Every structure is written in structure tokens, then in C-alpha cells.
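In the form predicted alone, a lone chain appears below as C-alpha cells.
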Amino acid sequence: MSPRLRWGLIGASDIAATRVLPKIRERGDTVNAIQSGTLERGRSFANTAGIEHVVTDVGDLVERDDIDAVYISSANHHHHRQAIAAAEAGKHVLCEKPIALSIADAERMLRVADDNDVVLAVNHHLPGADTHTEIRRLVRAGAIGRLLAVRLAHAVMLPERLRGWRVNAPEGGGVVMDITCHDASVLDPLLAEHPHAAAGLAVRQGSWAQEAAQTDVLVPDAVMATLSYKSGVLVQLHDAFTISYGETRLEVFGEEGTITGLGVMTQDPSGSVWLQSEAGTREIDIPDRADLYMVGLDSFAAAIDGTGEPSVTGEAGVRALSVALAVHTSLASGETVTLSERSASHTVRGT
């Protein structure tokens, strides 16, 4: 059985409160402290969640003897600094996506985790979904023959409670770092290949207002991007915070058929999978519907115990980041970006 863990939370976030904390406790783990940059916010979270200790300094949290692992769900630009502090203190790290905002920072996170013999994983929830596991199995089994293309629609309406830094922050905000990196976490294991080039176009569609000081900076909330692979596969992405009426979908096209996942790009274990081929169209049975966050927590604990590996390793998180950064760079430059030539020191900035 995976070990029971003693956790510290870094970031008094919505996802920690609504998704991860309940599953931590369902596993039988404990949460002994929370860090927030704002003491009032941290205390409010702790009072609601029943967490005894609140700190504002990450160092005070990671030095505690009653913490084995941290879950980081702060704003994106804090991830690398906080993860490094935790790893240097000997704490295992489960970090929200994106792992960082530059490849250089992300790779340093990997080195520090390795040097301190701690597990570093990224909380990309989608690859662990049973629907995605079945889609990958069908592809590996040759159900649709040689792969030709993927079309992915991950366009949703951003809940009002989340319309803060995600839509206004030039560093780390925007739909690319929030959603496109999730797409990349799905595509790499699905295609067993990393993209060769990326190109994108983005706009700002939402009615939410930017801060006055940021009116000259575009923080995209809708993007369409194309990825190409050396094998000849093409991928089309539509990611948005602005679509109220629509269903997420993942379509995989092959020479001998098409696999369609409807409603599978979500946080819940929902959706359906369909196979269309010469034999006709049929729905694929998905008997298991495990909670996506529980899958991530269990695999993280198994990695700590030495009996498994995370659903999304730190290395996989860096690969997902590299795709998002390539799209981001294409938006800024107006050019197609070759991933192998993209500077490892690139950092997200406003476009």
C-alpha cells in the first residue's frame, strides 16, 4: 500500500480547496500546515479547511518536521522558487502546472529534486483519466492504423471566481500556460513523440477588464495552434476561456479509423469514447472511472514508496511546458517555432 503522507500546502488556491485537499484526506493523508503570501487569505483557508498552522514564508513551512511532501498551487511564476526550497529541505513536491515559466527554471527544479533524492511530479490530471488511458490503448493496438492527425478542443468558460491573474497577469497568465500545457501533457504519451514545430494565433475575447497598468499587454484568453511532428502527424488545438456552450473533445485520425473522445478534457472522470472504422461506429466501454486527482495522488505516493512512478513526472512536465512555450513564442513573433531550436532560457512574458 502507498504510504500515508503528511502534507504542507503552498498556495491557498481554489484547486487546493475544491479538488486536491479533499482527495488528500480521502487517501488518509494529513495536512499539517499551509503557506500563503497573504496571512489573511491563509487564515481564511485554514479556518474553512481545518488546518492548524498558517505561515507566510515558504521556508517556515518546508522546514517543519511534520511534513513529508508539499502541494504547490500558487500563481505560476512562484512555482520554481517554491519547489526548489521544498526539495532542498528534503520534501517531495507535487507541483501544479505549468511546472515553471522557463525551461531553465524547470530543469533546475529537476536537478535539485534529483540531488536531494525527492520525487518531483506535476499535477497534470488528464493523462491519468481512464478515458485517455483507453484512447492510448486503442492507438497502441492499431485500432485506427497509422496516425495522421489529432484535433483537440479544450475551449471552456473560465469560472468567474478564477478570473484574476489567469486573465490579467502578463507573466504566467493567459490561456496558453493554463490550458495548452494540459493539451501537451495528453499529446506526448498519446503520440509517443514530441512535436517538431508550433505555430499559433491568439486573441482576447472575454469581457473581463485588465488592470489599467496592463492595458498595453495582451494576455490571450483564446488561442488556436498547430503542431507538426516529424512522423507527419499534424495537431490542431483550440484552447479558450470564453466558450460557454460546447463540449471538449479529442479526435485522433488514422488511416483506418477515427477515435473520438467527447467531454474528456475536463477535471471529472466523465466523457465517452467512440471508435469509427470500416466496421461502423461503436462506443467503447470505460468500466473504471477513477477520480483524476486521486490517480495523481496515489501515483505520487507510489513513487515516494518506490513502487511506481507519478502520472506525470517532472520530466514530462518539462516537455509539456516546452510545447506551451513554443506556442507562446509563436504568438509573440508571428512565426512558426521549431522546438529543437527554441532557447532553453526562454521565459513567458506578455505578448
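Heads up: residue numbers just count along the shown sequence, starting at 1. On a predicted model such as this, the values are computed, not experimentally measured, just so you know.
The discussion below concerns the form predicted together with a small molecule, not included here.
Chemist: Just to be sure I understand the contacts: of D178, E134, D221, D105, which is the one whose heavy atoms reach within 4.5 angstroms of the small molecule in the model of the complex?
Modeler: In short, D178.
Chemist: Just to confirm, H154 within 4.5 Å of the small molecule in the model of the complex by heavy atoms?
Modeler: H154: no, not in contact with the small molecule in the model of the complex.
Chemist: Spell out, yes or no, whether the shortest heavy atom distance between E335 and the small molecule in the model of the complex is within 4.5 Å.
Modeler: Output for E335 is no: heavy atoms all beyond 4.5 Å of the small molecule.
Chemist: Should S74 be classed as touching the small molecule in the model of the complex when contacts are defined as heavy atoms within 4.5 Å?
Modeler: Yes, S74 lies within 4.5 Å of the small molecule in the model of the complex.
Chemist: Is T307 close to the small molecule in the model of the complex, meaning a heavy atom pair under 4.5 Å apart or at it?
Modeler: Result no; T307 lies far from the small molecule in the model of the complex.
Chemist: Picking from 279-287, 61-69, 37-45, 314-322, which part of the chain touches the small molecule in the model of the complex when contact means heavy atoms within 4.5 Å?
Modeler: Contact-bearing stretch, as computed: 37-45.
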